[in-house]
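Only one chain is included here, represented as structure tokens and corresponding to the form predicted alone.
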């Protein structure tokens, strides 16, 4: 199983998908790949526009994407895909459309069989057992919180250490601690912007210059770097994070 799970698409002052493009190129390889792109997380702009944005960056690295919404049979499109890419946006909308189109199991089976998977933000959330550590507003009933369980831990993308000045609500860490109180067997990875996780079979490592914050109930959070081995997060034989 090969996964590239990216915290965010864009860094301040940079073009869309610019900072992760070189890692995506290394991940997909030198031979041109036409990836199946799932744009369902888009809410305020069209799926066609989303495909255009992603295609512009993929073309720079010698690859291309085609939108799943252009196929009459989305499940068949998954079965035929050379690679699968799931973009960010609203996780609740993404999960709803993935359930509506019966895509969760076919994508998981395809990736387990060796098809490369790239996701950012919401696309990283859905690689986890559930969507329950997304930051997004629940704008639609997702028809179930289960997602693809391609890693046995949860990711919190765009992880922030503190609230903005003047905001008195819960910090991100407090919200994750609430999740862990209800789900004490889970690990949660606070994945900061500008970083990503690379899974190659049973190996997992961090890419990026910032640390990741690892949460587990009953333990102090720890900061790990790209020099550390994250593979311990893959050791659970079954998901410890049931929906």
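As the structure is a prediction and not an experimental result, all values here were calculated from the model. Residue numbers count along the first chain shown, from 1.
In what follows, reference is made to the form predicted together with a further copy of the same chain, a form of this protein that is not presented.
Any of the heavy atoms of residue 49 lying within 4.5 Å of a further copy of the same chain in the predicted complex? Residue 49: no, not in contact with a further copy of the same chain in the predicted complex.
Residue 181 near a further copy of the same chain in the predicted complex, any heavy atom under 4.5 Å? So residue 181 counts as contacting a further copy of the same chain.
Indicate whether residue 26 is a 4.5 Å heavy atom neighbour of a further copy of the same chain in the predicted complex. No, residue 26 sits far enough from a further copy of the same chain in the predicted complex that none of its heavy atoms falls within 4.5 Å.
Within 4.5 Å, heavy atoms only: does residue 231 come near a further copy of the same chain in the predicted complex? Although a further copy of the same chain is absent here, residue 231 would stay clear of it in the predicted complex, with no heavy atoms inside 4.5 Å.
Looking in the predicted complex, is a further copy of the same chain within 4.5 angstroms of a heavy atom from every one of 134, 162 and 177? Yes, the whole trio is in contact, each within 4.5 Å by some heavy atom.
Which of 53-61, 66-74, 36-44, 201-209 sits within 4.5 Å of a further copy of the same chain in the predicted complex, heavy atom basis: Going through the listed ranges, the match is 36-44.
Here the chain is shown alone; which of 89, 152, 116, 106 has a heavy atom within 4.5 Å of a further copy of the same chain in the predicted complex? If I apply the 4.5 Å criterion carefully, the residue I get is 89.
What are the residues of 190-224, in order along the chain, with a heavy atom within 4.5 Å of a further copy of the same chain in the predicted complex? Contacting residue: only 193.
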